[in-house]
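Just one chain is shown here, as structure tokens, and it is the form predicted alone.
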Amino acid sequence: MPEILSLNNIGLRKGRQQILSDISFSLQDEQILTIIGPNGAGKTSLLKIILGIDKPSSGSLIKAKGLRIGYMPQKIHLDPSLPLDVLRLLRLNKGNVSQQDCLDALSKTQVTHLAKQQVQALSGGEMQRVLLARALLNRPQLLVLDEPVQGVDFLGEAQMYDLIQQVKEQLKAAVLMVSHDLHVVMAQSHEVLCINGHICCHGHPQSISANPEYQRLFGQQLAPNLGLYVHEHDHEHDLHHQGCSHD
């Protein structure tokens, strides 16, 4: 399948601090790639480079021509005194997006009934579905999701990941996701990229869980739990056409 995104030896330095070093991977059309790593590993910095918010200090990033990206942040900060319903939130800074476009997006995330609800009254799970709907407004070819189950309970997490899978299939989009939720997210990914300033290991979820670098970062007690979740696909992807490897 064609590549829609390719990163080659990306590095990011701020002042004297090296945030990222030698990050290389590619993302194929309709692939789900999950980035994991400890706090401070550079995951958000990497997303900012992919989104064009920050420029890398070294290396190159190549996107497919005209690539449409939909971005879902972890959360948004709003003035609690601001009267803002869901439809208005969706249309903020979105140009000529129509009300019908917003309703269609809310339908895809199964929360059309919240269209006139005040944002401050939303539960954590409802807010995440609204933010996902906002990311769908430009019919993206790539969905970039930063901790999409932030503030959602365990049952809601599984439902949210199922919803992401449904949306991906509807749009025929690729998904690049950052998550700390190692158990469920592994089940929903074609490939996992574990970073800690650099790529520690990458590959299929099953191989990642047994990788020494992964176990060193997250603790060996986590790895056996991942065996409970096996996600089968009718096709396979690999970051560099190989299994798990070390930097």
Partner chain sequence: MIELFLTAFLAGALVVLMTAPLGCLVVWRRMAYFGDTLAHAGLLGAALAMISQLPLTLAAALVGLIIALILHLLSRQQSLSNDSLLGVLSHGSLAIGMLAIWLVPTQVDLEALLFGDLLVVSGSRLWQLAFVSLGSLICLLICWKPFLAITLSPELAMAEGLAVNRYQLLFIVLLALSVAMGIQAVGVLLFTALLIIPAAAARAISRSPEQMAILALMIGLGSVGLGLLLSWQLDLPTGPAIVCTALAFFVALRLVSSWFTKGSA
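Positions refer to the first chain, counted from 1. None of the values given here were measured: they were computed from a predicted structure.
Just so it is clear, the following notes concern the form predicted in complex with the partner chain, a form of the same protein that is not shown.
- In the predicted complex, the partner chain stays beyond 4.5 Å of every heavy atom belonging to R129.
- Among heavy atoms of Q118, some come within 4.5 Å of the partner chain in the predicted complex.
- When the partner chain is considered in the predicted complex, R88 lines it closely, a heavy atom lying within 4.5 Å.
- The shortest heavy atom separation between I76 and the partner chain in the predicted complex is within 4.5 Å.
- Note that among 203-211, 47-55, 190-198, 30-38, the stretch whose heavy atoms approach the partner chain to within 4.5 Å in the predicted complex is 47-55.
- Residue R134 is the only member of 133-161 with a non-hydrogen atom no more than 4.5 angstroms from the partner chain in the predicted complex.
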